[in-house]
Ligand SMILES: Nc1ncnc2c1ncn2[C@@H]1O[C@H](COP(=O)(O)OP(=O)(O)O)[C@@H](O)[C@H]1O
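Shown next as structure tokens: one chain only, the form predicted on its own.
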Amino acid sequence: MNVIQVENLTKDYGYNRGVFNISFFVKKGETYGFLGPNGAGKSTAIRHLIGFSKPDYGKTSINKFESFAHYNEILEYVGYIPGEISLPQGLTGYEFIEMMKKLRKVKDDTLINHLTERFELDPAGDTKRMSFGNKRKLAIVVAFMHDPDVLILDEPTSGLDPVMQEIFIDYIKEEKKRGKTILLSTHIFSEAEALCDRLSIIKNGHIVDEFPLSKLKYADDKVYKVSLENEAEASSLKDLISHSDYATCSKQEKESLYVHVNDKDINLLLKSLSNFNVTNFSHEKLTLEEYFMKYYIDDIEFKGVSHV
């Protein structure tokens, strides 16, 4: 059963901003990652899915309820952490939690107390004067306080310190084991690798790839570390590969290159290497970051950055 459904969603804000004909689904009990840098369109898609915005074209739904028409009903069983935290002014954290309890119809404080302790939140302060990290913790508590079946998390660990990020990831792993359906928008590769069953990569408002995380283990696309006698030779090989149509180079480390090639093109790469003094040729495990960079390497090179 598809709990979350996005079909041909388009929202065009002009100047290539927005999302354009994107489609994906999240099955019951699945964790789906929405991976891309800031500005790629992740938050736009999520705002439509929650029902805060109306599409120009296409539709979004949760549990078969069309999002924009039924956003009140949807929020009753969805836990949503927005990418940008905006809290009402003039309230303490305690008062904000009490307000959300009434909206969520939460009668028992047991889960709230557990969440407050686990995420080390002190709700006593004024929301206006809270640090960004405490605002994020407060958003986490109110998102999970009613034990929702569906979690929609838009850059949920932004503003949290590394220790608290790990605490959050552990908590989501526990929720996943309980059968929750989770959509995670992130640009943090380790977060996606730790939590997701399937992923899509979004670029300039378009989904450019969608795959199970297990694909990286059994992928036809491989990464090889190629070491040469000196840095000049490595630069020459990098230039040759950049003009080829059978391989790409993600980075150079002095005399070594990291070359991406599909299994069907490995002989073409080996033929090119025969013209160089290769001192080492070894297969590297393909990481999510390296796979992702295949789609963004042109952008990075255009900006003058060799590797992210």
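The first residue of the shown sequence is 1; numbering continues from there. Fair warning: this is a prediction, and the values are worked out from it, not measured in the lab.
What comes next is about the form predicted in complex with the named molecule, which does not appear here.
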* **Contacting member of 47, 59, 251, 70, with respect to the named molecule in the predicted complex [4.5 Å, heavy atom]** => 47
* Please state whether every one of the three residues 81, 156 and 159 places a non-hydrogen atom within 4.5 angstroms of the named molecule in the predicted complex. => no
* Asked: When the named molecule is placed as it is in the predicted complex, which of 33 to 41, 242 to 250, 261 to 269, 278 to 286 ends up with heavy atoms within 4.5 Å of it?
  -> 33 to 41
* Which residues from 7 to 23 come close to the named molecule in the predicted complex, meaning a heavy atom within 4.5 Å? -> 13, 17, 18
